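The data below hold one chain only, encoded as structure tokens and taken in the form predicted alone.
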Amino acid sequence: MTRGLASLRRINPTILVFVVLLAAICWMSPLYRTPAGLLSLLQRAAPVVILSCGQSFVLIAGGFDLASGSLITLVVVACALITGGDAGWTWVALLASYGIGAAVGVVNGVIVARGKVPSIIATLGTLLSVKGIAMMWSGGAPGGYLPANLRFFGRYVWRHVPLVGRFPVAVVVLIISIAIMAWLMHGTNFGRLLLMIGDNPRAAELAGAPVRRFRMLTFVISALASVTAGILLGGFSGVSVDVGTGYELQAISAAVIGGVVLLGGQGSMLGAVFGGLTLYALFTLLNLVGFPEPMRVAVQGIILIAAAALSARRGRRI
């Protein structure tokens, strides 16, 4: 019995919260009581989960990335304008999007790691700059549409799949993204040293860790995760200059809910995944209950404050 209690304590509490929320969702809506319904929930949650995992790298290293939402918007606008609705330009648009994402990540990383600018200020500036570029490029109201083979990643569903019936492509993208980032964080020296850097950057530097380079890489990873989330969101909702609004705060909230400490030095990809799932499940439950949009925004603010307070408490215990 003592071993059982010890095992329970080791379980990330976010997993238990997600299970409770999922049970409430299934109780309120029969749609989610089937494998297809649960996979549909994962499909819609995929962008938030991917963003949460990418944001976790930056947070664990002791920084913030506020530019992810505006980068999502720029990616969707860029894909629409590059393709012009022509499916033949899809792969060019995808390569360009990841190139833009990598460039934004490098700029953020250089400003923070080399320029010694606080990450919250640097990425806030990038947020405004990237959003401005998206608005200028689109003329403030992007026209056109994304071709079907680009929307495939966010919208397409394989049918007649054994056992589950319908299987969204976005869930495959989600699984691959999580696997890559989990391997980086927990299967390489990069991830282990990143935890050391977030905990005590000076000690990590004295131990020979390339602190500046690793911090820069965290912003690149976060930016590439934002590009992936943007491609999925474009597939879900089409072209809009507001498609990425607020996602940077959702990503930070989800990561902190999952156990990532805002001060750096502690966190896991498993926690980030369930943090994202928990946040999306909560929003889904609020929708089912009938909460109006302004109330959902207020709840998100409360969650962010509570998550920050919880993270500060965790940080003091380390």
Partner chain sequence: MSGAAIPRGGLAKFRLPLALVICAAVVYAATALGTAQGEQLSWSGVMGLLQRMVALGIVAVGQTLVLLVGSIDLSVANLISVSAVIASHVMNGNTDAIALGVLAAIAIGILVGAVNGVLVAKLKVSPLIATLGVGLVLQGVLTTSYETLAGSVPASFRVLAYGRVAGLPLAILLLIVVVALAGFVLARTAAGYRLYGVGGNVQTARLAGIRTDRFIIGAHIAASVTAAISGLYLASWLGAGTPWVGRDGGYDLDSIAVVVIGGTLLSGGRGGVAGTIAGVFVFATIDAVFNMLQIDPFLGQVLRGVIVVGAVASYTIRTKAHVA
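Positions refer to the first chain, counted from 1. Source: prediction; values computed, not measured. Under this definition, the rigid core comprises the largest set of C-alpha atoms superposing within 1.5 Å between the forms.
In what follows, reference is made to the form predicted together with its partner chain, a form of this protein that is not presented.
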Please identify the residue among 111, 94, 173, 220 with any heavy atom within 4.5 Å of its partner chain in the model of the complex. 111
Of the residues 103, 179, 87, 121, which one places a heavy atom within 4.5 Å of its partner chain in the model of the complex? 121
Does the trio 21, 35 and 276 actually contact its partner chain in the model of the complex, every residue with a heavy atom within 4.5 Å? no
Would residue 302 count as a contact of its partner chain in the model of the complex, using a 4.5 angstroms cut-off between non-hydrogen atoms? yes
Given that the partner is absent here, does residue 50 sit within 4.5 Å of its partner chain in the model of the complex, heavy atoms only? no
Can you work out whether residue 63 and its partner chain are in contact in the model of the complex, taking contact to mean some heavy atom pair no more than 4.5 Å apart? yes
If we define contact as a non-hydrogen atom of the residue within 4.5 angstroms of the partner, is residue 16 a contact of its partner chain in the model of the complex? no
Residue 16: after superposing the rigid core, is there a C-alpha shift of 2 Å or more between the shown form and the other one? no
Would residue 30 count as moving between the shown form and the other one, using a Cα shift of 2 angstroms or more after superposing the core as the test? no
